[in-house]
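As a starting point, one isolated chain is supplied in structure tokens, in the form predicted alone.
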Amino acid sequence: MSAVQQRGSLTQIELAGVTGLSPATVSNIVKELTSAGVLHTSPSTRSGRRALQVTLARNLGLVAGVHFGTRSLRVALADASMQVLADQRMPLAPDHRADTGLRRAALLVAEMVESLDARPEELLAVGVGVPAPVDVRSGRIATVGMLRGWDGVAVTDVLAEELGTPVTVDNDANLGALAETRFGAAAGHDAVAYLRVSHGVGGGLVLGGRLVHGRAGVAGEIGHVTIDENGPICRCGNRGCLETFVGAPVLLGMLASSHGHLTLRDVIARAQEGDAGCRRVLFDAGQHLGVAAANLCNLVDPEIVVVGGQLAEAGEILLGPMRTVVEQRTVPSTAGPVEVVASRLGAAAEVRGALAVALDTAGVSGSLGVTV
């Protein structure tokens, strides 16, 4: 059940490989759980051969994933097999307050559940990602001043009271790291570093297949690694943080005098069309990211570095110089340089991670009393 729950869908042969059970044992267990309405099977083909695809039964309930961006809110609903059934976004005002954002999220989740003709009690759990460090034990933002209007807010308590269901909250980059490890570019890797580069810069670490939170949820905050001790003042209060060199407001500010008002999407599009100024800004950003990523690699030695967020859409214009710097500045290894790749899940990574932790929180197999 845990293997199917984490991967969403896999064949019986793949299930045998993941669990270490024999194919015959897996076949018997799948038959029993399918008869009990816990699993669902469907015929498929793999490498030209017929196979039986295994997922969780859809009647087990729903989970919701909520991602608060700096200026937007995204909510997705999925069934127990991680199939997304509904996905909506709405804009948020800059520096929106927590009470406003959480109320909108609760209303949107309730409306989406109703739109699927589901009952409120079918919502098993909610996962939430926010762009700030989170103490996952208390469900509170772990720092002061990093996310205006959210200081001291117990996100889990507020949403749980609004929706009447368990809520788990984490840093959005952590959720992106989890999603890329389970379903995306880092699938099959146990040691993963994930960088989310968009309006700000965040990071998440997965070691031994598990998210690393640290003492109070600040582990992996690569956006606030110092790359120039005499650099600009950062919103965290320190000088020369990575975010002050590669965050969207900084990149757009560099181009304001020569290019006028642009969005980050405009910069990426123009760079891909050959605009020299836009390409230069993204090249420099890639080098700065490489310096910080190399320091991280020398500390935790990940198997792969995945870059997500809107800036990752620049592709090799950003990743090329980043990869070069990482190779130059990391300790040489017989394993070769650390792999640096773009997110496979793109803009959906964080909300997919939120869905994954919601499903973990729901404990579908445990709630059914299933013994395998």
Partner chain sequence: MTGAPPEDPPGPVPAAAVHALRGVSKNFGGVRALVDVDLDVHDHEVLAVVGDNGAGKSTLAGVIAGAYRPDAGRLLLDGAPVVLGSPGEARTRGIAAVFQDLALCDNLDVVENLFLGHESTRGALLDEVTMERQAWELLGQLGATVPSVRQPVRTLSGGQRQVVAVARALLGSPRVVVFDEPTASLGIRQTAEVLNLVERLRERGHAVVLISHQATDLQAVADRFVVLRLGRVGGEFDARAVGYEDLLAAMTGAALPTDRKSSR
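Positions refer to the first chain, counted from 1. Being a predicted model, the structure only gives us computed values, none of them experimental.
Although it is not shown, the form predicted in complex with the partner chain is what the next lines describe.
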Of Ala216, Ala269, Leu107, Ala187, the one that lies within 4.5 Å of the partner chain in the model of the complex (heavy atoms) = Leu107
message = Counting any non-hydrogen atom inside 4.5 Å, which residue from His259, Arg210, Arg239, Arg89 sits next to the partner chain in the model of the complex?
response = Arg89
note = Assert contact_stretch over 90-98, 131-139, 174-182, 193-201 against the partner chain in the model of the complex, heavy atom within 4.5 Å, equals 90-98
request  = Check whether Met112 has any heavy atom within 4.5 Å of a heavy atom of the partner chain in the model of the complex, and answer yes or no.
outcome  = yes
key: Contact test in the model of the complex: Arg280 vs the partner chain, heavy atoms, 4.5 Å   = no
key: Contact of Arg71 with the partner chain in the model of the complex (heavy atom, 4.5 Å)   = yes
ask   = Arg119: heavy atom within 4.5 Å of the partner chain in the model of the complex?
value = no
